[in-house]
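Just one chain follows, in the form predicted on its own, and it is written as C-alpha cells.
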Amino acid sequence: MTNRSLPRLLQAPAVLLLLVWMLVPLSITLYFSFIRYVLNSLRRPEWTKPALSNWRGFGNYEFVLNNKDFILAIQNSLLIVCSILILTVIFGVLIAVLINKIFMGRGIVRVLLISPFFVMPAVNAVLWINMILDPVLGLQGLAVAGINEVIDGLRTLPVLGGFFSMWPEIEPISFRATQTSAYAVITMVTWQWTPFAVLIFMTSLQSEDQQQKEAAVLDGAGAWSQFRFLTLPHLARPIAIVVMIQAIFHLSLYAEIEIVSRGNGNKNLPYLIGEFANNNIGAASATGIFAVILANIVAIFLLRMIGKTLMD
C-alpha cells in the first residue's frame, strides 16, 4: 500500500458518512417535491402516503411559484441576509478597532461584548420584541412617551411655546406589522451576531504589523489613512470569512420571524417551508429545493468574492 493511498483509505469512512448525511435528506426532499404528499386529504386519502403512484412532476414547483408569498419570501430572505451582513461587518470592524486599544477594564468589556452571541435566538427575539421594541410597554414606547411629555411641557413656554406647538406628536412604531417586522428581525439578529464578527476581527487585529503603522505615522499618515490603507486590507480575509459563515446561518432564520410577526407580511423561504409543511409536504419540499438553489447562488457569489480576496 502506497503512502498516498493509506490516508485516503483512512478518510473514506468519514467521507462516506458525510455523503450519506447530506445526500439522503436531499434525495428524499427531491423525491417528495415531485409527488402529491398531503398529510390531511379527506378527498384523496391516497395522497397521505409518499407513494410513487402520486407522481405530480413539476406541479409542486408550479404551485409554489404561483403562491402569492413566494416572491415576498425571496425578497425578504435577501433583504434580511444582506442587511445583517452589512451591519455586522461595519459595526464589527469599528468595535474591534476601538477595543483593540489598551484601556482599563478591557477584558471585562470584551466579555460583555461577546456575551450576546450566546443568547438563544428565541430568547433574543422575545427580549427585543417585548422589552425594547414594544410600542407600549417596551423601551421604545417609554422613550416616545417621555419625548412627547417634554414637548408638551415646552409648548407652555411664553416665547418658544408657539414653535413647539407646531411639532406633531410622535407615534411609536409597531414592529409586529408588515415590513417593519423585517427591520425588527434585522435589528435583533445584528445585535446578536455583531459579537461574532468582533471576535474574529479582534483576533485578526492582534497579528497586524505594527512596524508598518509606525512607519506610516513617521510618514505623516493620519488615523483615517492608517485605517483605510493598513487595517482594512489586513481585515479583508476575516471579513470574507465572517460574511460566508453568517450568510449560511441567516438564510435559515425562522425563530425570530415566528416570534416577531408570525409571518404577517414578513416571510422568508424557511418560514414558507414551515407553513407548507403543516399539511402539503410536496409543496414544502419544492420550496426547500428552491431554498437550496438560492443558498447555492449566494454561496457561489460569496465563494468567488472570498477566493478573489484570498488570492489578493
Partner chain sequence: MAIVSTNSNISRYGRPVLAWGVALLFFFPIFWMVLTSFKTDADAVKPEFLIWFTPTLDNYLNLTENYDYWRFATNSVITSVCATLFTLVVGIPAAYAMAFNPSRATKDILMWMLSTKMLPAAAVLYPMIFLAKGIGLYDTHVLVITVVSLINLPIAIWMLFTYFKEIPKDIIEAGKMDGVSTWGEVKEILIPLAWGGIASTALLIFIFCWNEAYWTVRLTTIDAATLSKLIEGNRAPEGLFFGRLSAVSTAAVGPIVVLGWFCQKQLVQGLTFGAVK
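In this text the structure is predicted, and so the values were computed from the model without any measurement. Positions refer to the first chain, counted from 1.
One more form of this protein should be noted, the form predicted together with its partner chain, which is absent from this view; the next part is about it.
- Among residues of the shown chain, F117 is one whose heavy atoms approach its partner chain to within 4.5 Å in the predicted bound form.
- Residue contact with its partner chain in the predicted bound form: N67 places no heavy atom within 4.5 Å of it.
- Contact check for V123: a heavy atom falls within 4.5 Å of its partner chain in the predicted bound form.
- At a distance threshold of 4.5 angstroms between non-hydrogen atoms, S77 is out of contact with its partner chain in the predicted bound form.
- Out of the listed residues I147, L160, I90, M131, M131 is the one that sits within 4.5 Å of its partner chain in the predicted bound form by at least one heavy atom.
- Between 77 to 85, 151 to 159, 165 to 173, 235 to 243, the stretch whose residues reach within 4.5 angstroms of its partner chain in the predicted bound form through a non-hydrogen atom is 235 to 243.
- Contacts of stretch 101 to 115 with its partner chain in the predicted bound form, defined by any heavy atom lying within 4.5 Å, are made by K101, F103, M104, G105, I108, V109, R110, V111, L112, L113, I114, S115, listed in sequence order.
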